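Read the single chain below, which is given as structure tokens and is the form predicted alone.
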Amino acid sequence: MSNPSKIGIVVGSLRKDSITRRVAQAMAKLSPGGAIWRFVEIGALPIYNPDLDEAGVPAWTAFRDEVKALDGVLFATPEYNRSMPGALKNAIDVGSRPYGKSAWSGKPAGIVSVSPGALGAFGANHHLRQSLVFLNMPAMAQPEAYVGNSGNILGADGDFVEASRGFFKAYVEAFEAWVKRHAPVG
């Protein structure tokens, strides 16, 4: 029997009770049991400054080590000004440095963008996808997850309403298979 995949969830919104975080939490509960899902927190990461890398920033080192231990990463992001939030971009930068030692490299990725509007955070999803190409993270192309009208997809219990559950269950199952297929060996 193979070891279960370790999947990290990176949430772009720093709000404790954001809809994006709640969607990610509900998604993790839909795992068919073949993977271990855990949140990788980004809110306390200092802004990346290459001048500080030589001295070592403990929060950066811990974050990079946590990412390196993962088999795959699910990014859950809202959209801020037609792009990803600054905290998420900072986490990407922290994990990708120092140059040539990216913690992200080769890790299969998925993106779920969440918005109360109708476009489903399309801009954030695609800006993030552009970064993943440079980071050498194979991003799952299908199914896509641009989640609009997000205020209507979760019930009071924090789980998906029936109309949304099937889509997210299929996404989680496809993503776990994607990670198994593309996770770096070693």
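It should be emphasised that the depicted structure is a prediction, and the values quoted were computed from it without experimental measurement. Throughout, we count residues from 1 along the sequence that is shown.
Beyond what is shown, the protein has a form predicted in complex with a small molecule; the following relates to that form.
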query: 4.5 angstroms heavy atom contact with the small molecule in the predicted complex for I19; finding: yes
query: Heavy atom of S115 within 4.5 Å of the small molecule in the predicted complex; finding: yes
query: Partner proximity in the predicted complex: K101 to the small molecule, non-hydrogen atom cutoff 4.5 Å; finding: no
query: Partner contact for G95 in the predicted complex: the small molecule, 4.5 angstroms, heavy atom; finding: no
